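Only one chain is shown below, in structure tokens, and it's the form predicted alone.
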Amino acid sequence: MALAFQGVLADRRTWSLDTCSIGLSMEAVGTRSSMLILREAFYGTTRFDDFARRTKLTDAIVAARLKELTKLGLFTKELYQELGKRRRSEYLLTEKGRDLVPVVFALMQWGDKHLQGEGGGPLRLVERSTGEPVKVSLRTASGEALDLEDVAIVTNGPRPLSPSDS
């Protein structure tokens, strides 16, 4: 089963989305290096050297990704200085960056289930006070759990859909 398309979207041959939010999101943060840097930021990493060490990426890649992610507004830079050392920047997640938590943890959950084998990966997400497992899933705004077949895609207001080339 798949998602249902409703209304003007029902005939997919008549439209295409040139500004697909999934495509735009992947262009913004869809590299492996960006995901690893975001993972580390969610785990509390803030300093360049720690990002490089914990992700095992080169300094050049970490510098480029942190610059891109900061330009996108996922991080802010704050200066700090340790005694006797030069001033450096810490990278702190913004609200925009924190909004990616479910995305990254959904990837973790998928990898645990489909790539790690029985028992999942080396880490688990749990609710801090109870230890209850945390799962990322499709839910209505009121919190009701949904299956893929329960979800429909509709247009988001008056934005035009580009005519399809087919």
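Keep in mind it's a predicted model, so treat the numbers as computed, not measured. Numbering starts at 1 and follows the sequence shown.
Form predicted in complex with the DNA: not shown, discussed below.
- Within this chain, T70 is remote from the site of the DNA in the model of the complex, having no heavy atom within 4.5 Å.
- Taking the partner from the other structure, the DNA in the model of the complex has no heavy atom within 4.5 Å of any heavy atom of R128.
- Among heavy atoms of E132, none comes within 4.5 Å of the DNA in the model of the complex.
- Contact annotation: T58 falls within 4.5 Å of the DNA in the model of the complex, judged by heavy atom distances.
- Per the 4.5 Å heavy atom criterion, the DNA in the model of the complex is contacted by stretch 45-53, the sole one of 119-127, 136-144, 99-107, 45-53.
- Taking the DNA as it sits in the model of the complex, the stretch 3-38 comes within 4.5 angstroms of it through a non-hydrogen atom at T31, R32, S33.
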